[in-house]
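In structure tokens, one chain follows: the form predicted on its own.
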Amino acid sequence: MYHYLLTFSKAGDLRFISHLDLLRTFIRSARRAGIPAAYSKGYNPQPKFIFAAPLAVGIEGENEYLDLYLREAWETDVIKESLNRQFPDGLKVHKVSYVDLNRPPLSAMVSAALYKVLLTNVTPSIEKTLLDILNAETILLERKGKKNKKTLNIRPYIFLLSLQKREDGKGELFMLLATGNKGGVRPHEIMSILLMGDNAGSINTKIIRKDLFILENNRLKTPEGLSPLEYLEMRYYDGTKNYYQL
């Protein structure tokens, strides 16, 4: 068996398909491309396609990851090109890498996700709300479960909020939020706080997940090895950031 890591994007109208539909799209595309997927064992074997973290419906993903296991060794460029020829518009593999077979799938290591939201009008009220979140020790949120409701403190799951203003009054809000099997907070839960009161008309609710971060030696980094600070400084900031919290 051979192990690969795929980096792909999901954009446009495909942001509205479910995680299960995305998995089906990958499986069917691989089958049409003749890619020899390895299968799980048991009474109901399934292709070993393991996504690093499910993407909520309505959110675009710029750097998503899939651990792919094959029965035969294929060249990475051939896998990428073969899948892209089968994919619908909005879904694209950008990179395929060989991975040590003994390395666990990325889903077991993901600890945080970075999201971007476009602010159509950065007002003093928006900035105050963001700073209030950063300065708070406790932010209580009620979540509905299958059987009951529960209240939890989401503040420990907010790793970073970073706002970059533009000259036209618009801005980009970056949110680094905990995710994974140790708990987390959803981007829409942060947005629900920002959308209260006078802020409601200042936010475009289109959300893009920019990348995922794993925890290694007590430090967050992308699968490519960039820390949150390095990621933002290299790709987005031009010296005009307003505040930064790690």
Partner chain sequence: MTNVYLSDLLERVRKPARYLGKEINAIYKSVEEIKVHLVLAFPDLYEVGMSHLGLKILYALANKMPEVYAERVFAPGADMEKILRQENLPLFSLESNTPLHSFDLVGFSLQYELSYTAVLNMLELGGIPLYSADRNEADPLVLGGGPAVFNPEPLAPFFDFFVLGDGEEVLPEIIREYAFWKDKGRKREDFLEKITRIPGIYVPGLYEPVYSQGNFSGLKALKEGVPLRIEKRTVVDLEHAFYPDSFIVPYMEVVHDRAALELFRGCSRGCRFCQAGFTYRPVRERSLNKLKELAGAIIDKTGFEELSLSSLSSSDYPQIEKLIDELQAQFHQREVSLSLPSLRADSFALKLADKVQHNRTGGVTFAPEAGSQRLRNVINKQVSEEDILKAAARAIETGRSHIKLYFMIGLPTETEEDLWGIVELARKISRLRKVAKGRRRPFKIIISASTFIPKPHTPFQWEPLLDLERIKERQELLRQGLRKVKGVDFTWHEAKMSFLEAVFARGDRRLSTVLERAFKMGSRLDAWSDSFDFSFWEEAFRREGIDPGYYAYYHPHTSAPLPWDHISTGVSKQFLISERKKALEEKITGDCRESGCSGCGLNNCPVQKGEAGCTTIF
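Numbering follows the first chain given and starts at 1. In this text, all values refer to a predicted model and were calculated from it rather than measured experimentally.
Quick note: we don't show the form predicted together with its partner chain, though the next part is all about it.
- Stretch-level contact analysis of 208 to 216, 175 to 183, 37 to 45, 62 to 70 against its partner chain in the predicted complex, using heavy atoms and a 4.5 Å limit, identifies 37 to 45.
- Residue contact check for residue 57: one or more of its heavy atoms lie within 4.5 Å of its partner chain in the predicted complex.
- In the predicted complex, its partner chain stays beyond 4.5 Å of every heavy atom belonging to residue 9.
- Within this chain, residue 88 lines the site of its partner chain in the predicted complex, having a heavy atom no more than 4.5 Å away.
- Contact annotation: residue 21 falls within 4.5 Å of its partner chain in the predicted complex, judged by heavy atom distances.
- Contacts between stretch 1 to 18 and its partner chain, counted in the predicted complex as any heavy atom lying within 4.5 Å, involve 13, 14, 15, 16, 17, listed in sequence order.
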